[in-house]
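Single chain ahead, written as structure tokens, the form predicted on its own.
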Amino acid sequence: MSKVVIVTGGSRGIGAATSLLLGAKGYAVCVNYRANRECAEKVVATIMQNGGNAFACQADVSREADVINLFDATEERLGSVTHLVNNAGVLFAQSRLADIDLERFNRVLKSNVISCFLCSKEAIKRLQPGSAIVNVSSRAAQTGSPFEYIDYAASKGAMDSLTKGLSIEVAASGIRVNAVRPGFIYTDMHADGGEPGRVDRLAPQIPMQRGGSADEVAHTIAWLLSEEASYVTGAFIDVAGGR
């Protein structure tokens, strides 16, 4: 089976690292982006320069029409979709729950949960036996991220529930659904939250005494997508240095 993967939010951070790794492993890659076309095109160019096959596709994956167009465009350019990485998401400035307004909370849920729901829904209409979905959750789903990102943590908790339920629904169809839960990873997302140096500040609290890299998360995602994980579904792998 030719491997065709859509990576949502594939222009930077974990999404970009995952796109690059999967491209090197022989997947044809759709690098999805919402606004950052330049970064998405750079990821595509790197994959192509290394002998892979990829293209960038703009879509707001919290909108159903955009998701359908994303899958249609991928099938037209690369062939039938066989794998999906639900990575798109947003994070806003650190805040206590009492100071988070409804508009922000809704934006987080829309970007992080609705996108996962819509892409998963469209995927299972098209995927064949042997296909796989990996959702990029977060350790915040377990910690709750108090005083910082309770809204983000809540959205990732919802993603975990979606992962578990969907994995059972489609298991008999030969489609696997798993998730990774990154911990403190060096990505630009911490700058979005207002503290670019957050990982370094919190590193002493991590049993391994360091933050993780986007590449380390990408390798875990790639394993879950691969045939090496053919008997793994409904599982969650924490990529968090023991925290």
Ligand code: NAP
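From a predicted model like this one, the values you see are computed outputs, not experimental measurements. We number the residues from 1 along the sequence you see.
Keep in mind the form predicted together with this ligand is missing from the figure; the text below concerns it.
S.K.: Within 4.5 Å, heavy atoms only, one stretch in 202-210, 42-50, 178-186, 22-30 touches this ligand in the predicted bound form. Which?
M.R.: Correct option: 178-186.
S.K.: Contact between F71 and this ligand in the predicted bound form at 4.5 Å, heavy atoms?
M.R.: Contact with this ligand, no.
S.K.: Can E216 be called a contact residue for this ligand in the predicted bound form at 4.5 Å between heavy atoms?
M.R.: Close contact is absent here: in the predicted bound form, E216 is far from this ligand, nothing within 4.5 Å, heavy atoms only.
S.K.: Under a 4.5 Å heavy atom criterion, is L84 part of the interface with this ligand in the predicted bound form?
M.R.: Because no heavy atom of L84 falls inside 4.5 Å of this ligand in the predicted bound form, the answer is no.
S.K.: Classify I150 as contacting or not contacting this ligand in the predicted bound form by the rule of any non-hydrogen atom within 4.5 angstroms, answering yes or no.
M.R.: Because no heavy atom of I150 falls inside 4.5 Å of this ligand in the predicted bound form, the answer is no.
S.K.: Going through 21-49, which residues have a heavy atom within 4.5 Å of this ligand in the predicted bound form? Please give them in sequence order.
M.R.: N32, Y33, R34, A35, N36 sit within 4.5 Å of the partner.
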